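Form predicted alone, single chain, as structure tokens, below.
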């Protein structure tokens, strides 16, 4: 009898597999704007963010004609709220590139683990920290895609023209490491009144309280960190964190190398001050060189500026520190096994070697080691050679650490209090210690339920 059942199963299984292969399904996926130019994109034009997901969707549908793929480019502003609303409505996308991996999605049993879909080659090829970014309770939940970010929180951009004008030596490549003391000495020379009217025309740097990643970049200078290594408590109000915030306050109010009004500024204000020559230094990595090129083509920036990448200055006692981060794609739970399989296939397709190579156009690195070996970043812009900056950037992010603590915790609910603390300290409404103590007191119940 048992043999008959097995024989019947063997006869039926191919038929069921064929039926599944021909099953018509629709997959949805969401991504925030990534201005990646796919193959065949016209030279001289700048992508809008729609081109990459359209290309991926079209290619996937060619490979699987029975699958209809619908993508949506979700603006950064309001991204998290839209995802949350879709979950409450019971209609999240099948595949999502979250802005920051959210462990709560796993805790709420909303995501599919990807472990059984990872090949041995995948496991060897993905950067370990990028794969571990989506690891919860021993399982993986995210297909790694990009390695590092746009450089915010890791490196600075220097305007060598202003350095030359002020006769300030550039830190030496290929590391361009400099201590806080060396950096401050340069910053004081780079802040000046160009037209002699008694007002500062060029500042060395811009501090912006609403620019979280660069604020965290500064706070890590003396060994301060937002969360302890165990992921059990906020510790940014340590003596190291307080010393770092005091240094930031002093850059504005004592040394006057950064403009006042930091409490109302965000990251785009820091970018604009660099682009407009109001600051000799800004923030970001090689991606920001691409932003300059794009702004020139779009007419937002009249003249291209040549920039050099350099790490944040370091305290010799703690050494260099950069922001370790990555991103990828998650797959939401599926009731239909075939749809689950194809949703996972779509996430794999987006992050395979061939499609990961497209990140080079955006001056981003891949989470796959094999893909990064093939990047040469030549021909991005006629007026600058990106490749030396790539070397400096890669050297800088070797000292990466996760600014938001272990990926097993979600600190986002508390970050509005972090911004408030930065605003209070940089405007001198509170001392650095008062501001950071208040942040820890407000944030701890939200994240650690204490």
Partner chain sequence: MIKARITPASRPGGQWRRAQTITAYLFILPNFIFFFTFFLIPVAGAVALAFMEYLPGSQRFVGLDNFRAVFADPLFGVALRNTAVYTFFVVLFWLGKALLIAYLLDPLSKFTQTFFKSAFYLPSVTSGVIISLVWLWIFNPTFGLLNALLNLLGLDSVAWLGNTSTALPALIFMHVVMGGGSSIVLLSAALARIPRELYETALLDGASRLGVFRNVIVPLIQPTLLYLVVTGTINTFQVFESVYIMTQGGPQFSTTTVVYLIYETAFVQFQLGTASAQAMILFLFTFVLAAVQFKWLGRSVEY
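Numbering follows the first chain given and starts at 1. Keep in mind that this is a model prediction, so the values were computed, not measured.
Below, we refer to the form predicted in complex with its partner chain, which is not included among the displayed structures.
Residue contact check for residue 57: none of its heavy atoms lie within 4.5 Å of its partner chain in the predicted complex.
Not displayed here, its partner chain is kept clear of residue 290 by more than 4.5 Å at the level of heavy atoms in the predicted complex. Shown alone here, residue 429 lies within 4.5 Å of its partner chain in the predicted complex, counting heavy atoms only.
Residue contact with its partner chain in the predicted complex: residue 87 places a heavy atom within 4.5 Å of it.
Among the residues 91, 195, 77, 230, the one placing a heavy atom within 4.5 Å of its partner chain in the predicted complex is 77. When you look in the predicted complex, the only residue of 395, 423, 407, 28 with a non-hydrogen atom within 4.5 Å of its partner chain is 423. Partner proximity in the predicted complex, defined as non-hydrogen atoms within 4.5 angstroms of its partner chain, places exactly one of 300 to 308, 368 to 376, 164 to 172, 105 to 113 at the interface: 105 to 113. Interface residues of 200 to 226, taken as those with a heavy atom within 4.5 Å of its partner chain in the predicted complex (partner not displayed): 201, 203, 210, in sequence order.
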